[in-house]
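Only one chain is shown below, in structure tokens, and it's the form predicted on its own.
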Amino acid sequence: MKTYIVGNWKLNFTVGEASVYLHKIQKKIANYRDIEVVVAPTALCLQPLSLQLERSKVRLAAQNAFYRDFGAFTGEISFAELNGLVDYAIVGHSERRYIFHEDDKMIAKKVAASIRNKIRPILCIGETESERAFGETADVIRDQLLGGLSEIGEDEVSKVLVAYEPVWAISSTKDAKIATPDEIAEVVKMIRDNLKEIYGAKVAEEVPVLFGGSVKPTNAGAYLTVPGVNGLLIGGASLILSQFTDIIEVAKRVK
């Protein structure tokens, strides 16, 4: 299985800045057979960046999209419009859940729309600090995982990437903490156990599971060696060329 290194740029970079940054990334990294490097710029940047993309080195992801393909939905961008432009889409990120109040029902529709339009969804799941403190991690992970997969068929589940992002460990979160490899391993096992219970052992093994939460070059190696982790979803460090490319090099060494 490939190792996935996904940079979520969030609401950063103008079109011009994103273009220059992508050029620098592609100039600095090599073509890695077993490592999939993915960047997720703002929606405004996707089309122009797609024209300069070296797909053997970098793939594009959307940060978000709407679950209806067409219609009277002012201001929205659909997965249908992104078909052929991006290979991946981030769905269910904690910022979408807690700032924009997207629930599991909406996220499930987005996962289905993504797959329907031949885009691989990166389904983000993770508990808050209070949920972990009250011993609710297992319930939250199960509800968000199975809720997010509820609108697709069993034969489509292996097309999904699952990203475990504990909200309490995201660097943009106030008083963020660092997740330990043992804490991550425990939840990754929960994810694969849930997948195995519902969809069988084969699917549970085929679904890539990523980790995201204050990932830096100094801890990327430890996270990538956690059993069952197949890659990283990176926020702040993906905006800094030296850190992002260093993480890619760490992934290469670990692989």
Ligand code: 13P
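One rule holds for the numbers: they count along the sequence shown, beginning at 1. The structure displayed is predicted, hence computed values, not measured ones.
The form predicted together with ligand 13P is left out here; the points below concern that form.
The candidate site formed by Gly126, Thr137 and Val187 is entirely out of contact with ligand 13P in the predicted bound form, as no residue has a non-hydrogen atom within 4.5 angstroms of it. Of the heavy atoms in Ile170, some are within 4.5 Å of ligand 13P in the predicted bound form. Proximity of Leu233 to ligand 13P in the predicted bound form: non-hydrogen atoms within 4.5 Å are present. The closest non-hydrogen atom of Ser214 lies within 4.5 Å of ligand 13P in the predicted bound form. Along 77-114, a non-hydrogen atom within 4.5 Å of ligand 13P in the predicted bound form is carried by His93, Glu95, in order along the sequence.
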